[in-house]
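Next up: just one chain, as structure tokens, the form predicted on its own.
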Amino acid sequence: MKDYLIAGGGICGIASALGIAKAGQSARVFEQAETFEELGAGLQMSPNAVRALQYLGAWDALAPLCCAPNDIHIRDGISGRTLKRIALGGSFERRFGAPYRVAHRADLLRALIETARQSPRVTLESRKRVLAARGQTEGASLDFEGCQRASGTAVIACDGIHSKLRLSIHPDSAPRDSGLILWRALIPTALAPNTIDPEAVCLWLRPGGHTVHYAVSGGRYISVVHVSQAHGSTARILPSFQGLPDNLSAFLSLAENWQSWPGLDLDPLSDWTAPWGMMLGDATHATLPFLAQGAAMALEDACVLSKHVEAKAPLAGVAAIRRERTASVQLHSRRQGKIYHAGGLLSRARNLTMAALTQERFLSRLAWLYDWRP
């Protein structure tokens, strides 16, 4: 049996390789960079993501690097007032059957790579820039820079939101610009003032933007994402913290190395397949981060792919199972951003609604996401 060929060595690509290996088949992962590495800062590992990692065999490698927040604190980003506290302890874990954790994106990728390198069915190859994918009479192939080619059973495109392979079959599927810019940074936990709780996921809502922060890397750092509106040529200028609560402004000012990303996502894609195989992860359903589900959706994809490979079922069945769920995440994420960034009467209505929700009612609204199982 030929190998499955995976274009892209990020979270989705390595997770897909682990899923294929779990199904008893072999996978080759091709990454264009010199090393397998992940940029960015933190990510939230909700119960569905934890279960996916357990299924793929990578959770034990990641768990020691995660942090276990006690609560989610939702606050008004202007007054600083606490709007809601959501406990993430024992009752939460009993409700969803898995914990809620936070981690650095690089730690997740390292855990996936560590697990992949222990598998004789996974091969990782760097400095392989994909130029094209082709369907063949039997199987598929990838063409690389330098007149190189690899042939296999099928190509799985995990090459991200700017996927060259997706654009080759869906030329009108360019990313959608939300008009927001996402600033990310890591701040040493030791520098954080006492008013910043490193044991919680803290979400500050304000008109036109929001800020979220939580501890990562075993508690050594606090990952910060500061979302604001992008205004033309000023989009790359360091964000202003004027108008924020004093403790938040002082905390954000401690960051030295801000990195910025435009707030991009994709419109839901109806067809994930191609003559050479299929697309997964951000290549087909990139989402804004306002539900904290981007990595989770890629991990779920890998589990469903694994089931199909094991059953020797057509890859089109993966999309048939996943399309509705990932489209819902994409559209709900856009809607959540509008709720987070509301001003005036809408923000007052949001705050009152949030305050009125019990813990159980709040969690029941997340059940459609967190109850997923491989």
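Just count from 1 along the sequence shown to find any residue number. Just so you know, these numbers come straight off a predicted model, no measurement behind them.
Same protein, other form: the form predicted in complex with a small molecule, not shown, and the subject of what follows.
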Exercise. At the 4.5 Å heavy atom threshold, is Gly277 in contact with the small molecule in the predicted bound form?
Worked result: no
Problem set entry | Close approach of Gly160 to the small molecule in the predicted bound form, 4.5 Å, heavy atom | yes
Exercise. Does the small molecule get within 4.5 angstroms of any non-hydrogen atom of Gln44 in the predicted bound form?
Worked result: yes
Exercise. Though only this chain appears here, would Arg206 touch the small molecule in the predicted bound form if you measure heavy atom gaps against 4.5 Å?
Worked result: no
Exercise. Looking at Ile113, Ile72, Leu182, Leu186, which has any heavy atom no more than 4.5 Å from the small molecule in the predicted bound form?
Worked result: Leu182
Exercise. Just one of Ser328, Ser26, Gln32, Gln336 has a heavy atom within 4.5 Å of the small molecule in the predicted bound form. Which one?
Worked result: Gln32
Problem set entry | Within 4.5 Å of the small molecule in the predicted bound form, all of Gly9, Gly13 and Pro289 (non-hydrogen atom) | yes
For this session: Tell me, please, which stretch of 243-251, 73-81, 151-159, 115-123 lies within 4.5 angstroms of the small molecule in the predicted bound form when heavy atoms are compared?
Result: 151-159
